[in-house]
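Take a look at this one chain, the form predicted on its own, written out in structure tokens.
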């Protein structure tokens, strides 16, 4: 009885401390989400303000004219199209390079693996300005001027390293016995890669592709030095900062946020559907 009474006393004494810690945690979560979403809400509200400068403090009425203005802004639309082209080009270059590097580092048993890892990861640690200038100088020496292609190659130099790290994390969890068994049964290396390795890497390939595209779309430092006389969406927005922005820029932000939410909801719904299907098969 004495032990039970002591335990009850300790529980009663700890209850206020637990409530206090829960209150602190709840306050932290509130502040975190306010910090995360308040700028997005302010940006979105400014896109519907009639005021000619992005603002919510000087509200002059609800309007959709800035959405119409966006459809008439040829430079922004062309910049968006250029960004999309570069983004898909980066995916086509960065993912195979990243996968190749991941295979070398996970399958190669050598004392030089640590050095090679440092070399392949170094583009992530290199400032974007240096990458852009170095890419421009290298390709200009062989007769390739700045443009969309050069911007794509400059971005792929460091985005490939991100992809490599993602592929490495996935490959390190792969059961190599499956590949060895397939080889023992007469399968070629290409068949093993196509029928076993690629399906295993499929989720990471999709995720790496999405991240590579998003990194390409938002990149400025590297792109601005390699793009030459062309422009992307972010370089065009950056150039307009010198002359003052209009709420059209906020409209672009609203559209991107809306698309992100839609795709996130679709992705979660598909994953939930897949989980339920697997649960039904197991049951």
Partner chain sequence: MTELVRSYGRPLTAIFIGLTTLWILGMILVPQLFMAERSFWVEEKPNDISLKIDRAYADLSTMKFDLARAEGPGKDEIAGRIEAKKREIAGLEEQEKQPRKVYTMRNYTRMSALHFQIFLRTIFYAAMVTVLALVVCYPVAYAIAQVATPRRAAFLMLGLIIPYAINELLRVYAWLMILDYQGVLNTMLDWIGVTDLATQQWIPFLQSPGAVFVAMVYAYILFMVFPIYNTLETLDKNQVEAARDLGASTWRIHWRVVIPYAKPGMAVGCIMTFMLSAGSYSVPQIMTRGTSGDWFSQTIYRQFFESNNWNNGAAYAFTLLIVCTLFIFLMMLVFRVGVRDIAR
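Keep in mind that what you see is a predicted model, and the values were worked out from it rather than measured. Positions refer to the first chain, counted from 1.
One more form of this protein, predicted together with its partner chain, exists but is not displayed; see below.
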Open item on the list: Please tell me whether the candidate spot formed by 69, 204 and 230 is one where all three residues come within 4.5 Å of its partner chain in the predicted complex (heavy atoms).
Closed with: no
Task: 4.5 Å heavy atom contact, residue 75 to its partner chain in the predicted complex - done: no
Open item on the list: When the contact criterion is heavy atoms within 4.5 Å, does residue 168 count as touching its partner chain in the predicted complex?
Closed with: yes
Task: Proximity of residue 185 to its partner chain in the predicted complex, heavy atoms at 4.5 Å - done: no
Open item on the list: If we define contact as a non-hydrogen atom of the residue within 4.5 angstroms of the partner, is residue 79 a contact of its partner chain in the predicted complex?
Closed with: no
Open item on the list: Within 4.5 Å of its partner chain in the predicted complex, counting any non-hydrogen atom, which residues from 48-85 show up?
Closed with: 53, 54, 55, 56, 57, 58
